[in-house]
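What follows is a single chain, given as structure tokens, in the form predicted alone.
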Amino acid sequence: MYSSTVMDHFHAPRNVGDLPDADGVGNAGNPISGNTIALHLKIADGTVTDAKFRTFGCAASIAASSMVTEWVIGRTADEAASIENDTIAEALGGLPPTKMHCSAMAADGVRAAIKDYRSRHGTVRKD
């Protein structure tokens, strides 16, 4: 059983689409299992100003992707890169244990997009 927040983000996902002028793009997931995310971020002065996603997957994958776009907007690149899958799952009102990989995929997408942003803009960190 999914929370009402998961169902809301699944039925009315926020920030679906692409950003042609994205400052960072991250891809994550497992195409063999069928869950993938492409996350596009717009970053100005070190702060995420816009985020869009395209996700192929189950309801939890789509909801986690939608939620993560809302979570990252307004955060610094460092804050966004520190996101954990538990943060996304909690923001969604919880996910079943068998669906935690969906929130992990969304978090991995954010970290990949921030890594891409840093490599494009010469701010690569030695993590």
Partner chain sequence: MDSTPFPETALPMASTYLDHNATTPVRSEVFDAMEPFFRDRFGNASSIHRFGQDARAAVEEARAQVAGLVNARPGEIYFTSGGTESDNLAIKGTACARKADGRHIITTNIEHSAVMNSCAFLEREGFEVTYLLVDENGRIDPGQVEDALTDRTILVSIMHSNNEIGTVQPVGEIGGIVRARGVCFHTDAVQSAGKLAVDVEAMGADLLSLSGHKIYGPKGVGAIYIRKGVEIEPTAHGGHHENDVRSGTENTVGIVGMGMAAELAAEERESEFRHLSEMRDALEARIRVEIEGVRVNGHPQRRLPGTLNVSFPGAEGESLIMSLDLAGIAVSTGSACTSGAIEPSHVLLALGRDPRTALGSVRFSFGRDNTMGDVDYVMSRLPGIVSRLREVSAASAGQVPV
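Positions refer to the first chain, counted from 1. This one's a predicted model, so the numbers in the text were calculated from it and none came from an experiment.
Unshown form predicted in complex with the partner chain; subsequent notes refer to it.
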Do L41 and the partner chain share at least one heavy atom pair within 4.5 Å in the model of the complex? no
Using 4.5 Å between non-hydrogen atoms, is V48 touching the partner chain in the model of the complex? no
Mark S82 yes when one of its heavy atoms lies within 4.5 Å of a heavy atom of the partner chain in the model of the complex, and no otherwise. no
So, in the model of the complex, is N35 in contact with the partner chain at a 4.5 angstroms heavy atom limit? yes
For a quick test of understanding: in the model of the complex, does each of F53, I62 and K99 have a heavy atom within 4.5 Å of the partner chain? yes
Out of 17-34, which residues reach within 4.5 Å of the partner chain in the model of the complex, heavy atoms considered? D18, N27, N30, P31, I32, S33, G34
